[in-house]
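Encoded as structure tokens, the following chain is the form predicted on its own, with no partner shown.
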């Protein structure tokens, strides 16, 4: 089975692409969802977060996401410290998940695939690309954020010009080029490659 990564900057539409692969019967691991789950269920991770950011991060054992966000999203060093706790736990969880999949290939979706080191051990990586102004509009509409906040979040991610060069394929999600034909083409290629040894 091939291990495939799916990544893209905030607002690129990678979740939309991921859902298309799911409709084709491909298992998807969503890193953000997994991180939220682990922050509430992994005792070692919960303890480390409390030690670093204080007991108030949890209320009755449940993560106070707004409180933690207010701390880390205004301080790059604290955000990096949180990521250093969460990323290894999520990577380990994803590796265990891959072992339980029986399809020809499975996908790990993550915004910070390269930044977190999660791309290591993957056979291929698909990137999702969209123009920055469109990405900003999407996030503002989706989250009710303002442009300044969206740009701050974009600044914490690897620049698209660098990220997309690291990908094996790029899906264009600019609302001009149709997404489905691109996904179907990748599905066909990955299904074929899953049955053949990868050339080194």
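Quick caveat: nothing in here was measured; it's all calculated off a predicted structure. Positions refer to the first chain, counted from 1.
Omitted from view is the form predicted in complex with a small molecule, to which the following refers.
Tell me, yes or no, whether residue 175 is in contact with the small molecule in the model of the complex, where a contact means a heavy atom of each within 4.5 Å. Yes.
Although the partner isn't part of this model, could you tell me whether residue 15 comes within 4.5 Å of the small molecule in the model of the complex, counting any heavy atom of the residue? Taking the distances in the model of the complex, the answer for residue 15 is yes, it comes within 4.5 Å of the small molecule.
Should residue 138 be counted as a contact of the small molecule in the model of the complex, where contact means heavy atoms within 4.5 Å? So residue 138 counts as contacting the small molecule.
Distance check, residue 142 to the small molecule in the model of the complex, heavy atom within 4.5 Å: Flag for residue 142 set to yes.
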